[in-house]
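Only one chain comes next, encoded as structure tokens, the form predicted on its own.
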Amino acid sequence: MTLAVEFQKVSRHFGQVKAVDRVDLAIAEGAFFAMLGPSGSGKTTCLRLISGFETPTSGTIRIMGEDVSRTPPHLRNVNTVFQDYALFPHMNVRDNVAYGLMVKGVDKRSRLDRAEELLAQVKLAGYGDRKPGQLSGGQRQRVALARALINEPRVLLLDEPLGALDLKLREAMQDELKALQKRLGITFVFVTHDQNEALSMADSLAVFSEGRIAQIGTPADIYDRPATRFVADFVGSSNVLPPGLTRALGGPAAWASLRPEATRLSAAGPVTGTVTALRYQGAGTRVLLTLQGTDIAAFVPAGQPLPEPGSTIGIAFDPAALHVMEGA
């Protein structure tokens, strides 16, 4: 397997702050890879280390097998799409896209023709004469993508590029980004704090916590088989069960995760608790209850009867849905 990006024991310290702490990472060529985590977890610093905007305190970074740990940004075959797009407002769309080739000294006709080709790829054919201020947020994001792609990078870095879009447009752009990556076949490294984005778009992902990778795997691995309590709670808001409650519910005396959608209400459950709140979610209702001092969420599909807040009820689930977190 060819690796597009490889970290070997990479750290980046700012004084006493360990923003990235001995991270090992391998991203396959042609993958759509996501870095997921809360603010301050180290994911954006890792992206900047790949781009060359940060230099590692220690460790080795390789891009397409080449050690780039001390290589300046302009000599790396990568490009970055930022959340704020960073388009030049005084230039039209065509010139914004062609800017990278202009810096390289490519003749005007060739670079403008190539810019038109990229605009067509991102579904903006005919928009070349407009200024960025005349475009919607989603259109500006596509221009930023085209500008990043015109230099034909081997790795495209995306720093929360959908964060400024509204929900409906963000979901539409997720589909477009995924389709574009498959069509181009280049490696996308995507940073986000949005679990749904990472799970729906990525081939594989790394969950970051306090400068380290808490878990790496496919979306199904991360969601269904979280390695730690942090991953279980952060990705999809799982029910994290302490050992005593896990055992009372029929499992081993160990920390475990149980997804709300796999949890149903049952008057015959082995442990009963008090319903504390109901949260309507369109396709159903999330019922919050407390079992042996632990807050639990269960999902009740639309049309099924709901308990009253303050009532007493238990839970039931398929034993296969209970995931024991070794070492959690």
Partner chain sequence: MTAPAILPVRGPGDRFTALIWRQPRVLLALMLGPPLIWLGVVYLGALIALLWQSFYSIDEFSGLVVPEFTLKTYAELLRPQNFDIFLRTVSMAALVSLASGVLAFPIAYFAARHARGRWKAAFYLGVMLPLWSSYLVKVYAWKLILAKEGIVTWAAEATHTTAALEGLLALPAIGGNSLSTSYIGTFLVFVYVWMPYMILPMQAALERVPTSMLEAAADLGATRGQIFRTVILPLALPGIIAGSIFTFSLTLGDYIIPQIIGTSKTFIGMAVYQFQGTAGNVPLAAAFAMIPIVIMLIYLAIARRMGAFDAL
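Fair warning: this is a prediction, and the values are worked out from it, not measured in the lab. Residue numbers count along the first chain shown, from 1.
Not on display, but discussed next: the form predicted together with its partner chain.
Q: Contact with its partner chain in the predicted bound form for Thr44, defined as at least one heavy atom pair within 4.5 Å: yes or no?
A: Judged by the heavy-atom cut-off of 4.5 Å, Thr44 is well away from its partner chain in the predicted bound form.
Q: Check Arg259 for me: does it contact its partner chain in the predicted bound form (non-hydrogen atoms, 4.5 angstroms)?
A: Arg259: no contact with its partner chain in the predicted bound form.
Q: Though only this chain appears here, would Arg147 touch its partner chain in the predicted bound form if you measure heavy atom gaps against 4.5 Å?
A: Although its partner chain is absent here, Arg147 would touch it in the predicted bound form, with heavy atoms inside 4.5 Å.
Q: Answer for Lys131 alone: is it within 4.5 Å of its partner chain in the predicted bound form, judged on heavy atom distances?
A: Flag for Lys131 set to yes.
Q: Could you work out which of Val103, Ala254, Ala125, Leu184 is the residue within 4.5 angstroms of its partner chain in the predicted bound form, going by heavy atoms?
A: It is Val103 that has a heavy atom within 4.5 Å of the partner.
Q: May I ask you to choose, among Asp221, Glu117, Asp84, Asp194, the residue with a heavy atom within 4.5 Å of its partner chain in the predicted bound form?
A: Comparing distances to its partner chain in the predicted bound form, the residue within 4.5 Å is Asp84.
Q: Please identify, from 95-103, 198-206, 166-174, 223-231, the stretch that has a heavy atom within 4.5 Å of its partner chain in the predicted bound form.
A: Flagged stretch: 95-103.
Q: Would you mind checking 38-74 for residues with a heavy atom within 4.5 Å of its partner chain in the predicted bound form?
A: If the 4.5 Å heavy-atom criterion is applied to its partner chain in the predicted bound form, 38-74 yields Arg48, Ser51, Phe53, Pro73, His74.
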